[in-house]
Structure formats: structure tokens, C-alpha cells
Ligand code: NAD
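First, one chain by itself in C-alpha cells, the form predicted on its own.
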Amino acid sequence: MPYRITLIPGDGVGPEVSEATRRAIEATGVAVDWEVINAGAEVIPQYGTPLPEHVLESIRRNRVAIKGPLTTPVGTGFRSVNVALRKELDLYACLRPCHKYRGVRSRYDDVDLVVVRENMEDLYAGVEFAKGEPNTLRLLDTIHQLGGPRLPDDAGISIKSISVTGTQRIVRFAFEHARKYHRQKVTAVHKANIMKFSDGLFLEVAREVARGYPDVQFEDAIVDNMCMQLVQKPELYDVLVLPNLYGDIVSDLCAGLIGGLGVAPGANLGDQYAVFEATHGSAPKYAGQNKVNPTGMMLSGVMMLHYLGEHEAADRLERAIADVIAEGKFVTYDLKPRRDDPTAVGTSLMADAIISRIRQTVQTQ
């Protein structure tokens, strides 16, 4: 029976990279019954929200989704669809593999690591108090009465909360991922030398969880030093597990090591649901121009196939993507040695080249 999967095309360039990814996944021979559902800024006039309830219902029903980039409306009061999906579906783990493919322009050649970011806690939990409001002033007084510093009355406040429960499950996720994909080491990244009761707790719990995985190496690193080490010696790292804010920043840093967000896949995973996604933006100025690189979303499709247990199909798709990029003939402008190279092809032609490679592989097996 075919897999029933929710496909959210996205907006801006989303529909183009989503269509390329859909065709490539189908070319692997895996049967998929796509349930196409729209979300994002373009559906606000119809539904009054960028994330209508029927989108969540579709993902809950199918349990697996893949989505193109979505525009977050600016100044409208709507929160990010990506953040809302994580909250509503308890997608507590953001998984961002960062692998350097031959042919992608980068200062580095030997990068192959995975960033595991906790999605639900930390400063991104949304516990905030606006400057000057009565509740904020009461909170400032309470902080001082409890022995904290006297903070300025014109301060806005965000609460950083890291729990034992949240840390246990994200660190376990990182170790289980390392075991499943034969990775050797997990590094917990933190700022426990300064934030002793939040990041300190993260580190303490990470060490406790690590004792249950004696077959996987464990170390920890302070986040600012980690950023320097990644730029200098990325080959030393394997799986990084981080609280929410640091994970957001470091995952983009690691994407920069391998050539940018255009070649960086991603997934948001929970115990019941999985949403795979392009990590780059919707780039509305390029919408409809058949110009953008589909690699990031296609590699997210590779991750999805692995999640479904279709490992041979996932490997076929990844090899085809890698071969086309390495050859450098049928690739988009950003994958050429010069961005103004007149031989660059569009999104659909690059997808055609990848699909051709997949079919050649299937025929020879």
C-alpha cells in the first residue's frame, strides 16, 4: 500500500521545490499517496490564519508530512507556522544533518555532522513580558524581592526555562540517532559556566543520560567555544545536541560550513509525528521563476524516506543528488563556480537530471 503523506507546498518558491521533490521521491519507486494541503501567508485571506486547523488534522491523520518554505507574515500578529507546528504536534526535536557534497562551493571539504536542537523550551518557549506593562512591573518587583537584581523598569522580559524532562528526551533522541546511523560521538553544547541553573541543568541531565549509552562517546562544550571550533575544525564533531536558542544559531552556522541553507535539509520530529522541511526561506522575489536550488528540500525527502524505513530508496535519491551536483552540469546558478554562469539550469531541469540518475540506478539493479 502507498504511504499517505501530507504535502504542504509552501509559498514563494515553495511550490517549485516541493514539486521537484515530489517527482524525485516518486522516481525512487516508493509509492506515495500525497494529500496536498496549503498553509502560510497565502491562505490568510481565506481562513484568517496561516495555519488552518485542517492542516494539523491532515498531519495528525497521516503522521508524516513534508513542507516547502512558508512566509511568516510581518507585523500581523501571526506567529511563525513552523513554530506553531512544533508546538501543536509536540515536535520536540529539530534534526539538521550537515554534510558537504562534492561540487558545492565551500571553504570546507570534510564536514559531516548532525545538529539536534531542542524545540520546545528555552527562550523560544514564548514566555515574555512587554516593557512597562503592569504584570511586567510586578514581575520585576518579584525578582528583586526573591534576591535577584533590581532590573530597569523599562526592561522587556523573556523567561528561559529548561527542564529535566525536556532535556532527557532531546539528549536520548541524540544518542538514539547516533546509534541508529552508526555515529561515534555526541557533544552537548551549553553555557553552564554562566547560566548554572538552566544550562547547568541541561549539562547535568545530559551527563546522566550519556551513562546509559556507553557505546557512544560523550563530551560537552561551551557554546561560544563550540562556534570557534566548528569554524576551525568541523571534522572533529559528529552529533551536537543543544538547547533551543543555541541550536537555532549553530544549525545555521553548520549550514554555512557546507554551502548554505540551499543544501541543508531538516526535520522536526516527535514521538507521534514527523514534519520534514526545506530549511531555507520562501524567497518570494524568485517565486515562479524556476530558478532556485531544490537540493535542500530533496535532501529532506531523503530524511523522510529513511524515517519511513525506505533506506534503499533514500540512498538512491541521495546518490543521484550528489552525482548531479558533483558533475556540475545540470545545476542551478548557486551551485556553479560563478553565480552568473550562463549554463546554469532551473529548478525543474535540475530535478529532471536527478530523476534520470535515479532511474538509471533502478534499471541496473
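So that there is no doubt, residue numbering starts at 1 and follows the sequence shown. All figures in this text were calculated on a predicted structure; none of them were measured in a lab. In this text, rigid core is short for the largest set of C-alphas that superpose within 1.5 Å between two forms.
There is another form of this protein, the form predicted in complex with the named molecule, and it is not shown here; the text below is about that form.
- Contact between V186 and the named molecule in the predicted complex is not found at the 4.5 Å heavy atom cutoff.
- Proximity of Y286 to the named molecule in the predicted complex: non-hydrogen atoms within 4.5 Å are present.
- R86 belongs to the set of residues with a heavy atom inside 4.5 Å of the named molecule in the predicted complex.
- Using a 4.5 angstroms threshold between heavy atoms, Y333 counts as touching the named molecule in the predicted complex.
- In the predicted complex, no residue of the candidate spot (K100, S106 and D323) has a heavy atom lying within 4.5 Å of the named molecule.
- Partner contacts here mean any heavy atom within 4.5 Å of the named molecule in the predicted complex, and among 258 to 266, 137 to 145, 168 to 176, 215 to 223 they occur only in 258 to 266.
- The partner is absent here, but in the predicted complex a heavy atom of L70, alone among I66, L70, L299, I59, sits within 4.5 Å of the named molecule.
- For the stretch 276 to 292, the set of residues having any non-hydrogen atom within 4.5 angstroms of the named molecule in the predicted complex comprises E277, T279, H280, G281, S282, A283, P284, K285, Y286, V292, in sequence order.
- Once the cores line up, the CA of A283 ends up 2 angstroms or more apart between the shown form and the other one.
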